[in-house]
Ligand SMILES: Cc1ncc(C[n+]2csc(CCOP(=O)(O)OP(=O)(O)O)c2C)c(N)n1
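Next comes just one chain, in structure tokens: the form predicted on its own.
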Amino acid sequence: MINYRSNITPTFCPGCHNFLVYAAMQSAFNALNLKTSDLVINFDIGCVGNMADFFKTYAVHTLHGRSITTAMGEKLANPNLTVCAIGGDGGIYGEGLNHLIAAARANIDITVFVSNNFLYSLTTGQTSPTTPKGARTKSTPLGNVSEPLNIVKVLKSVNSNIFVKSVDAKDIQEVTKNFKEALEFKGFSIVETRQECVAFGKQLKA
């Protein structure tokens, strides 16, 4: 077993599904026997971006929405690396959506993990690109007027040859399985883990 954990204790909110995402990433890396020296993870800004402190692989804590572009550059510079990017629905689907689509169109061999809690939760619960229509949030007190983004449909319409999956974060076996398959896929891959923010997700049930 390879130890990918740093000596810093994770600081997600108690009960946050990002603990499961963190564990699943390590399990998938171990299943593929990925050396820390051959692995680089690019972290976006947001709750899951704090994971940058919890791994001891090569890593870049990028600007908001720029984790995928950084990952693309690394893969082009050194094709032998296993290159990943991880962020939330805000950073990947909001600020970074144009970069996500560009990477999918190019079918560049990187793996993207998205923690989709349907909100901008680090900034205390504003509407994100995946917030359900009509939901009353901190930034849409009268209800969200926008249609939510379905990333599987969007990316498959851009390039049908990529690997794209959306799974329930609570199903740790399914999450780990899809993370492993995404990492093994030769080309662009993305796995979205759907989850509820324990701090601000109750807005979406009102």
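Remember, it's a predicted structure, so these values are computed and weren't measured experimentally. Residue numbers here begin at 1 and follow the sequence given.
Another form, the form predicted in complex with the named molecule, is not on view; read the next lines as being about it.
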Query raised in the report: Among 45, 64 and 95, does every residue place a heavy atom within 4.5 Å of the named molecule in the model of the complex?
Result: yes
**Report entry** in the model of the complex, residue 107 touching the named molecule (heavy atom, 4.5 Å)
**Finding:** no
Query - residue 131: touches the named molecule in the model of the complex, heavy atom cutoff 4.5 angstroms - result: no
Requested in this report: Report whether the minimum heavy atom distance between residue 111 and the named molecule in the model of the complex is within 4.5 Å.
Outcome: no
**Report entry** is_contact(residue 119, the named molecule) in the model of the complex, heavy atom dist at most 4.5 Å
**Finding:** yes
Query raised in the report: Counting only non-hydrogen atoms, which stretch in 99 to 107, 131 to 139, 81 to 89, 68 to 76 is within 4.5 Å of the named molecule in the model of the complex?
Result: 81 to 89
